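Two versions of one and the same chain are coming, encoded as structure tokens; call them structure 1 and structure 2.
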Structure 1
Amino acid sequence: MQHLFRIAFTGFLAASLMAQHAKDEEAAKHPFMNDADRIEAGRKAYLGGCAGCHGPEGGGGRGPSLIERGAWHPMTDENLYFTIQKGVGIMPAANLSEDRGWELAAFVRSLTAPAAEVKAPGDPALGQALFSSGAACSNCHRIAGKGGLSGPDLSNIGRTSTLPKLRRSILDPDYEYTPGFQPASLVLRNGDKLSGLVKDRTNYVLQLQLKDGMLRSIPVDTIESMELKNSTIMPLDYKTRLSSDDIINLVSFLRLQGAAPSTTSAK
């Protein structure tokens, strides 16, 4: 039940993000809003003056998370700019130069925009090499029909994710799960033991994806016991195994997956 709710909720969120995005695009944009250098300058200013309350990666702390759009009011670029400059509640006014204020607004906005739309540092070719051989991500993940099936298909991940979420997916894979990838171990009434990923579940049937990728429908009344694991099968040690440049290159490759042709060219 909770599982179904999550899927429905994710769909709703995606739809409202898209609606918001269409609205955002109608208004004329401040020239800094999609300028990689200005966003980078904003990131540095953020680390100095904002990270203490909103977290180094924007995940929140004394102040709300800035990477989950649902956690703060979606606002126009102007409102974002003025919130930063003038403060809100216990948040102090930043009172910066106009340029610095817009750099911060551009950085904060980049945290919730689809990754494909925000220019990012890094070398996508090196990222692709890591993805398919160095870090072996493609053992589990498929892009454009190539790769494994035990993780989500990432062919469109640049449109459905944001830069901070891509980073977090690699550095802290247990932070949130993609529906359809919860590992489970089952014992059936006939004594058979099965393990795999729970793809779907109704009151009558459970769909399990076995290690070899085969889907098996298991009538619920044949299940003796089931253990759902609250941990992803994605390796948890990339943050120590990969260098920070590796992570940046991987993200720069992933963000291009699903990008419209006009924005796929690397910086």
Structure 2
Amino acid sequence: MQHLFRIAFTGFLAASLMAQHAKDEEAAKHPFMNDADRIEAGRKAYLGGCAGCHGPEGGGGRGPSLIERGAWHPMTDENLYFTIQKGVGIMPAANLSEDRGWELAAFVRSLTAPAAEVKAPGDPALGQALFSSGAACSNCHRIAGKGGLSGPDLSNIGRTSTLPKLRRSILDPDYEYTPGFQPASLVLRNGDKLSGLVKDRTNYVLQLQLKDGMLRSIPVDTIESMELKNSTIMPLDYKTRLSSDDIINLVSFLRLQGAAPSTTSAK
């Protein structure tokens, strides 16, 4: 019995220490890192001085991508700040004021942090209205079991994506392909015509999700012809159909999907 008590106590102590470490780590973050206004100021500074090499969305160009995982990601906030201020390799020193330097660091950090962990401008209530009706996103995407089936489930998108990727997925949905959502049109040897999304494909069977959401397994040897489309079925005109405020509000809503309840209720 004493042995079991020691094991339980050790586990409780380890969990307590880990929780305290997480709190200490969060407290050590620079206050600008979760300040939407400071991040936005950093974005403007980035566009004016960094985008020429790293790309307007941080995807890279003459300089490396700041979105994909790289050597700088494990850096502490302080190391990131000093790297920006002092430069590294062929990257010149920014030599900004302390506040401007931290604003830029906060924006760069936001490029890879889960969207749910970064405060963002916009009105999530207006974004939800757009998702449900104005932009008709819910016709294809599901959140918490409600919505369509022809697009990826977005119930946890705030945890699995970043703010830049959320924005890019709306403005340029063909930029990154989501496995399991490639449109296809089939003609079977019996003359039947089918269309839907390819969920899985082997040498023997193709699994197709039909427009009504039903899955159908089709033996490959029964297919007469098949056309696979490389473009998404998501509308490509949101960049012109939606205003800049619409995009901001929609991203503000999506980033909350998968966020902790306290974060959601606070917004």
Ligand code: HEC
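Residues are numbered by position in structure 1's sequence, first residue being 1. Rigid core here is just the name for the largest C-alpha set that superposes within 1.5 Å across the two forms. For clarity, every value in this text was computed on a predicted model and none was experimentally measured.
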*Which depiction, structure 1 or structure 2, is to be taken as the form predicted together with heme C (HEC)?*
1
_Which entry of D246, A45, A113, T222 falls at the hinge, with the rigid parts compared between structures 1 and 2_ = A113
*Smaller-part rotation in degrees, where the chain is treated as two rigid parts between structures 1 and 2*: 13
*asked:* So with the rigid core superposed, the C-alpha of N79 shifts by how many Å between structures 1 and 2?
replied: 4.1
*What is the Cα shift of V88 between structures 1 and 2 once the core is superposed, in angstrom?*
3.4
